[in-house]
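Here you get one chain, nothing else, as structure tokens; it is the form predicted on its own.
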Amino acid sequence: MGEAFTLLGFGPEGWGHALLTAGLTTLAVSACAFACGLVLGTLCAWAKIAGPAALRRAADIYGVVLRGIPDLLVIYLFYFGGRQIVTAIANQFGHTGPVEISGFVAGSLAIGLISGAAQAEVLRGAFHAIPSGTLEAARVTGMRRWTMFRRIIAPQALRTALPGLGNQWQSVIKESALVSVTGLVETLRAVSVAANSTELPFLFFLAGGAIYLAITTVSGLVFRIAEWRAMRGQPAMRVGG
């Protein structure tokens, strides 16, 4: 037990600093990926709701493709395929040799692309949950589209979408472990290196699980608080007659 505390501590023989840094990297990758997915999801939801036929079709194809391709393959395509594409473009401008792509950037974009397909459905469902009479009343009063979006659509849709977005955030955190294949030292990569170095895989993989559990538990609490604050002043739903 004493050896375990030493190895997980912040002393000269401990891996505490490395695991803490890796945990923060996991948070950073997840936050960037979630933000990217939220932007893509918002655009796709708009395309499905009010976009022209071509954009609606493109948004549908995007969702089908991203739900059908394994997440790990998407990361490989971004990291290795993206590096080849960037290198080919750079060579056209006189650059010689391969161009490296950051594992952080490739992983964040790939997971964001994956999350965006799911977030689009969450946001689209939240929009359709807005009472049609509310939107009709806004149009009758002559409210402009941007004003209606800012004052009515965004607040009400976000309130409804918060639980679904919270679930997507939890999924993004778990999917961030896949970014380790790019060499980025996030939580899974760090505990793998520590386990191989110390030959104590159970200890460090258990520590990695504890790090992920701590992140998901705290963020789940944050989303529940946000949901509670968003629902304050709203009428309680009645069940039955």
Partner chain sequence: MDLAFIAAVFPKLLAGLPLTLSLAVLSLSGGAILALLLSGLRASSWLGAQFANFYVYIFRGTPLLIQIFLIYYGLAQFPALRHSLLWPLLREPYVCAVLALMLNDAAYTSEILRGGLRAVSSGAIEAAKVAGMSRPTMLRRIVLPLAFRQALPAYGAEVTSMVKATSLASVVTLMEVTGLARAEVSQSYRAIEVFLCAAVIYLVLVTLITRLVHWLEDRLSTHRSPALDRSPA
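Keep in mind the model is a prediction, meaning the values are calculated, not measured. Residue numbers count along the first chain shown, from 1.
The same protein has a further form, the form predicted together with its partner chain, not shown here; the description that follows concerns it.
At the 4.5 Å threshold, heavy atoms of Y212 reach its partner chain in the predicted bound form.
The closest heavy atom approach of A137 to its partner chain in the predicted bound form falls outside 4.5 Å.
Not displayed here, its partner chain is kept clear of G41 by more than 4.5 Å at the level of heavy atoms in the predicted bound form. Although the partner is absent here, A35 is not a contact residue: none of its heavy atoms lies within 4.5 angstroms of its partner chain in the predicted bound form.
Only one of 71-79, 137-145, 122-130, 158-166 lies within 4.5 Å of its partner chain in the predicted bound form by heavy atoms, and it is 71-79.
V64 is the sole member of V64, A50, A31, A58 with a non-hydrogen atom lying within 4.5 angstroms of its partner chain in the predicted bound form. In sequence order, K174, A177, L178, S180 are the residues of 167-184 having a heavy atom within 4.5 Å of its partner chain in the predicted bound form; the partner itself is omitted from this view.
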